[in-house]
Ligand SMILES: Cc1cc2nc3c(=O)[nH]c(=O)nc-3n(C[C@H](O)[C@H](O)[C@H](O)COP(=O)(O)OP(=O)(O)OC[C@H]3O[C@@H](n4cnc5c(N)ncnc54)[C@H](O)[C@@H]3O)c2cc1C
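The data below hold one chain only, encoded as structure tokens and taken in the form predicted alone.
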């Protein structure tokens, strides 16, 4: 399989790469999708083994109404295959939130539905008086109704700075600091206010916390099925060694299975790994290489999978945080120095709530996580695992007592599966480049590289929003851009 057999080569089958490849193939282009692993999906990979079916890492769909995948499936002609495990307006309690205020000895717990339209549970959680309740309602109403042009003006403002002159109770600030960690894997004093507010709006208006039967990998399965049905080719277990650049333009890829040619190469392997390793900085202007090196990664999300001998957890998600457990940059730096905090934030997804086939009969599988450094060589990861286990014992003893075995994963495992580490301290990001001031909105890296015919897809470039939704949106945009590039090329020949 060598020579000019393809119009597009897509590197990586994460949500950005898979969506881009599938849409381009549907639109009549000949596409080759190259994945370094046998397992497809990147960070959106799910496992089916010995009667268990679950995501490798904790996920939650935001937004639930109108996510990028729904649009993609509609264009593919398989709208019926888009089947979230829960409806956005599911009337049940979906999430339980545990919170301890500074100085309090005990955690409070409340139950919450999918959307955040009703603030009453939070008022109970935070123990707010009527005056502070009114401040929270007014503030959140301002977020929900904020127009896009006002959001765009906050690209260069951190959420901490945005809140600095707002008269809101500290409990709300603390929640937003936790939310910055849990939803964006960022510190509140660096996360772009525009990014965090956009995600908050999605949750409040369109729901958050969704999942799919079989995990998020079920989305990948449908896209790859349609990709191959429409004539696309998938190469699994094939690592790209080099993106070929000849005469200043992208011409294909070199792998251990051969050289493959195409006038368009789309990389969802990460912006920095693409530029610095797959292409090589000698093919770019020095200022562009310096810019790429200067981009900061997002944090990682280290996880533990708990396999229970009996059903215990009765909602879809648990989250736990305190005024001391979320991280800003000061707290993060203390952890990097080896000072493991007494408490960490805890995010836990119950796959058995979404899918009765997620575990063998009479059993349950939970995937829990907390923020961490993206450094695959980080030495504090085992200390964070220990804290997570300790909090499970303390908060949820019935879950701990029912646990038959545990599996641990951190930034090293994430980097091995998805993103090569090409700069010190990077590679194990749970999403990609940080959604922080200076890297968002109008300053988000472009999906179009300086090399004609080379594009970047995924969470590093071209889109906004949360996690998998953002990455798939980028794939949609790159499919459009690559299609235009190919049509222009054909017109001039």
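Residue numbers count along the first chain shown, from 1. Keep in mind that what you see is a predicted model, and the values were worked out from it rather than measured.
There is another form of this protein, the form predicted together with the ligand, and it is not shown here; the text below is about that form.
Checking 76-84, 173-181, 123-131, 267-275 against the ligand in the predicted complex, the stretch whose residues place heavy atoms within 4.5 Å of it is 267-275. Of the candidates 454, 32, 431, 440, 431 is the one whose heavy atoms come within 4.5 Å of the ligand in the predicted complex; the others do not.
A heavy atom within 4.5 Å of the ligand in the predicted complex is found for one listed residue only; from 468, 46, 426, 447, this is 468. By the 4.5 Å heavy atom rule, the three marked residues 15, 41 and 60 all count as contacting the ligand in the predicted complex. Among heavy atoms of residue 158, none comes within 4.5 Å of the ligand in the predicted complex. Proximity of residue 206 to the ligand in the predicted complex falls outside the 4.5 Å heavy atom cutoff. Shown alone here, residue 24 lies farther than 4.5 Å from the ligand in the predicted complex, counting heavy atoms only. Although the partner is absent here, residue 238 lies within 4.5 Å of the ligand in the predicted complex, judged by heavy atoms. In the predicted complex, 414, 417, 418 are the residues of 394-420 with at least one heavy atom within 4.5 Å of the ligand, listed from first to last.
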